[in-house]
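What follows are structure tokens for two forms of the same protein chain, given separately as structure 1 and structure 2.
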Structure 1
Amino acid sequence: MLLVACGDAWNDPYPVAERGQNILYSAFTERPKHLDPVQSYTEDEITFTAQVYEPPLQYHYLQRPYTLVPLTTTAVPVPRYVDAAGKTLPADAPVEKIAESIYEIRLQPGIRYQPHPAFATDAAGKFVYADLDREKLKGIERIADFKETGSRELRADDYIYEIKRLAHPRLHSPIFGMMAEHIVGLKELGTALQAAAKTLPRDGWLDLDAYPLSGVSKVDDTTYRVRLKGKYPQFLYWLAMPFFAPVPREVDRFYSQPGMAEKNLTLDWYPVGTGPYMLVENNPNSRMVLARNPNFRGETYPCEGEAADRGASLLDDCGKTLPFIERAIFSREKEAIPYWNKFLQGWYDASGISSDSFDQAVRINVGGDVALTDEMREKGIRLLTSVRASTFYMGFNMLDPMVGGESNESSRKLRQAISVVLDQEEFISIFMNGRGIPAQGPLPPGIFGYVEGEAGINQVVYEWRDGAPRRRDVATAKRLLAEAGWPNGRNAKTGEPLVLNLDTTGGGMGDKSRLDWLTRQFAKIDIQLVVRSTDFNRFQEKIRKGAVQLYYLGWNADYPDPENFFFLLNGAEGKVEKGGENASNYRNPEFDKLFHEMKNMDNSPRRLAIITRMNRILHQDAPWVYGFHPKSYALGHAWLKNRKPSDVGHNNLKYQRLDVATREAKRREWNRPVLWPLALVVALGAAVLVPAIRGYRRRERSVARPQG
């Protein structure tokens, strides 16, 4: 092979001016829809919002299990409980007595916002851009087109304003319904705002400060108080999400001026925050650019972590000022193959964790081991794995007479038989490239209540042999099926064959092979599986109406608490009856009672005992076939330092560091163009030219003579 080294790579997808700078390159597959903190909820969005907005709390970057630490506050708030009479209760008071929990949140002083035109003031202290209209907005297309910018210190009011925005009638906050149940007065605020919005013109500004929210009050400039109904310990987790990030009133006012929304000048498009980065370019079709916030307050790199972190040189930067990286450029990469190849060529520093299709393209290895291929190891690519706080499962609709029914022994045996026969290990190895671990129940590892080892296995499906859980064999499944009244897949009484319907959403990658595999699994115990794949809307509708038998779903935890998984099987959350999240419509009085008890407890041995009991019930009842907990495999090049995968903390950009010199050298080395094909084309062209000219001459002579 003729390799010609000629300095620069020909296939550099970035402008020459960016070469050698402290810029992180990454990619995104799905364009973020919302960057407004009350609306954004998906992982594609939080990649950006988590770097810009700062809610009161964050997860510790290195410690596991996930621990909450202050982000803008002085300490993690400890709730004060009061009874109906307003008397303070001790921390271990019984749940029934607690009427309200009061969280007092105290902010660190001196935190400042990113430079932004909304804060710009003139000499007299008046806002420069406070009375814009369509005329004045001429020539302004992007937020960078405003000449003046300003900044100011973070205040408790900003957090209160954002909590009020959850109830905003024109914004669709996914958590409003849920938070209205907890925060005192939020529901009433929602009703009041709804009424107020009706009288307002379409693009008029709704000043939330004019409407009181009884449950949230300002103590002083850096302190505010939130009152919750009853006890809700999970609230702290919500305080680590962008839903509770500060939004200054003047920013809301600024973006609500006439003519702004038409030019996409909205908070949804240009977020404003106190975080380490600010969004300077928003072009979701091709790229998003985050730049370092010059006003960032000087947070430092953490000094303590897990035991293994020192060895992985994750503690080398202890005490240094964050952030390290100047800019981060995210390019849109819709197709997995270009994305993957660009990563291999060194044009992306790391793979995005959220991108599923990317992980599919990476063949790590069948069989659950995490070794990289030799080629990748030679390049110094590193692999980070972590089990995600999600569960994928195949649910049975308990309202279906065949597979469901309350206290129906035979259908329970049928469910157990199916649970045994669906070989999750093989599924993970074939379809997930080993990126997952088989689930023993709804709880993934890392969540309180997950038990390692023999004590934690699903006794119905697994047995403990040779120091590892082993799936019970097909014979067991056949026996269970016979006990269910379907020996050899035929009804013991009528001889009817057992036919089950599985509903899935179709259209994805490798669908066909997945369905084939499933059919084969069921065929092992002579069950005939009919797979009905439909589009997403139709699937949702069927689930809502309970018109399914078997279905596949997954759940990503909102926060690392067992309550966030068990509520999916809580009888009071029944999908068909209550429109809740319990798509299986599972209802077991004992389970529901235990759930109610466990829900608001602090993590304690007693809570663990209850959870273990709940898991036992679920194993026996088998309303789901517990599938697997996916693992995130994040690949990174050697020059990207300080990376630790986290499933709940997303504000990780500020911790990472680049070794730019190494990157430049490696990129050049890996991207030498191969020039012989070009030479070959030229040579071929020349070789063809000579006979062509000769042929042309001959032709010229021969046709010149008149012919018949």
Structure 2
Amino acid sequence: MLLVACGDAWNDPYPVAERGQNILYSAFTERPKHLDPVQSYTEDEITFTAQVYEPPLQYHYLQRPYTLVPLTTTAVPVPRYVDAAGKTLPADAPVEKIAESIYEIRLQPGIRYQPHPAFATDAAGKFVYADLDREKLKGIERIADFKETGSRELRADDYIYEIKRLAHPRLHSPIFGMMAEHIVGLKELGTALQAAAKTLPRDGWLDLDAYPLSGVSKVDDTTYRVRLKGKYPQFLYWLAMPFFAPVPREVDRFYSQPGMAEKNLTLDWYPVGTGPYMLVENNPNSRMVLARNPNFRGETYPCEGEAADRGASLLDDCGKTLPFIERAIFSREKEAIPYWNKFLQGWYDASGISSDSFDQAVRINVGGDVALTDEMREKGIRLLTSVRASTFYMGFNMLDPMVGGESNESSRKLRQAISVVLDQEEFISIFMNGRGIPAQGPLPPGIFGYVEGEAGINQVVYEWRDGAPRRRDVATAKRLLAEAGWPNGRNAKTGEPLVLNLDTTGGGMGDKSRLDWLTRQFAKIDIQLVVRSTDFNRFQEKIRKGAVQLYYLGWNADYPDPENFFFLLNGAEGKVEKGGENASNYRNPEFDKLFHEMKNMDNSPRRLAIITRMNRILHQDAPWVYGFHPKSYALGHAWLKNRKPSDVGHNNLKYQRLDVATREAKRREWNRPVLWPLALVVALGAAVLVPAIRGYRRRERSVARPQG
């Protein structure tokens, strides 16, 4: 009787009051470490920060390739170029003549911050919580414990303040070094702030308004100007990241008061923004809750997208006011199986696919096409796939005399032979459940310069047959190896066997089955592979010193531009000589010249032609074995609308919509209590108890009978 009183679903993990509410339920596995936009740089964190903070720009939700559009600005800013004398240059001016790029950023009026105690003022206009200390904070444990809140309009000063925070010596922004090379005066500001911080107590507040930044200036309340050294068109992509979101001075001051950090009352714990949602509960070991910002101005859902978007019902909400969802509750799930089971029961609205659940969710037919299993289709679950803006590769150390050398034809042929024999299609099929596509070069799909079809294949490794790229056979690899001076894997002069060393870390590619597979691939052309496993720190040290022959690494795009991938092979980024990101220490004068020309160009046919030539050089030189670009597989229930995968645009919660009535009906259907086992237990209990009670009563009556 008590169980029946619980309702239809006895396993419902949520309070009864939440039933029928417009709440999205999801999960996270890793706790976010930083929610302060100046520090946050991981996918676990941007799940939350991207819904709260609003940088000037965002990516169009539906269009591909990824396209920048205004978020808080009136338009995507167009840079103005000037020479060393300050004279304005034409847009197509040669890069070497451009001394500075000037970006003028104009904000939309009427954008307001979420309610927050940092903005609370009294009748006289003074801040209510401007003089807090540990004594006054007694009884306050959460931001919700402050009784007074306020708001104000977004101003240009807020964006300027955040750019200054990049140079704050106590915040350690991961992009300060990079931005200091581009934003005029940022490096000098960092030096000044370091000196100032030394004069302050440990918990003293550093008022950034007291320190000018020459390269960033206020034009008026809704306009600010940023000056960059030379030409750097990729700066627009940074303007779509939380690093450049606004942080008001009064919020920084509010959180810097004595005793606040001890209670986790910080910007790292409770972000403050103008976005569609605000973080109202932060318990990273249990759950995180986003609630609709009552002050949000209301964007509208996009009306344009890719050709397939209309058929996928992604344009049904064209022009409607955002956001659709009132609250989003993210629960911590440390194990994949409980997460998966709750998704199947309807308690989570969406889910990824772990390797343990892959066969239950997806099947791959003979042609390699991916489809949902019958069980998933019967539940109305939808599969979303996308190729990530990532590249995984095996690199050759070009400083190594065996596999390297800038002009060593023998080493080049050796690298080409290995590139051919490492069957990436087989690797993806065996170890990734088909969740990836073989790479034809450094660029993944969706990045300008990636070319589909025959024109885009790596002709050293593939040939075009029957309308598709086909990997060249092992005989081709053996021929290349013989031309390199190693017929049948032995030195043509001395007869010694060819032995190569692969340095790797434990886990990932260090998994025994994968390394056994890799060893067998090398053995196809009689190369002996020695795997040298080590810990991550030691591996990094060996990469820095160039003490490797072969290694495995990957790269996720910071922003969707070819420069962000090709720089990994730029000679000026050599790991050993320059301490850069070119772990292969590859240097080709022609490639470097083309890279220097290409990196600051706008997307155009000319830029595409240069990229095509750069790819051809990399195909021939083969400093990497171009591995694969991983695929993301995500599942969503039928009641969750408007979901489209994106690797660079993370502020996607505002676009999604719930059909709450359908969700409630399906939850009841899938979680209907099964009562017959309970009835069976009761019947069995009765079958045991009734005879026992009867026997007991007979014995009692026989004992009570009078003796004659």
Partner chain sequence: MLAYILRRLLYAIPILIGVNLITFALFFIVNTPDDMARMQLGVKRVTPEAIQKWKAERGYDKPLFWNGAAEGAGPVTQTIFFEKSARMFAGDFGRAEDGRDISREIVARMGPSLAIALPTFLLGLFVTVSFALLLAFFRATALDFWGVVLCVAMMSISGLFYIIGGQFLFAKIFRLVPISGYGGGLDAARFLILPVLIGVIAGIGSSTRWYRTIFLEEMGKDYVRTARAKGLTETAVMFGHVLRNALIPILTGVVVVIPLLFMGSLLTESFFGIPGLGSYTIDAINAQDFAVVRAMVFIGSVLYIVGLILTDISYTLVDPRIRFDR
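What we label the rigid core is the largest C-alpha set whose atoms superpose within 1.5 Å from one form to the other. Residue indices: 1-based, along structure 1. Remember, predicted model here, so these are calculated numbers, not experimental data.
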(request) Of structures 1 and 2, select the one representing the form predicted together with its partner chain. (result) 1
(message) Superposing on the rigid core, is the Cα displacement of residue 494 between the two structures 2 Å or more?
(response) yes
(request) Superpose the two forms on the rigid core, then give the C-alpha shift of residue 16 between the two structures in Å. (result) 2.6
(request) Would you mind giving the Cα movement of residue 682 between the two structures in Å, after fitting on the rigid core? (result) 7.8
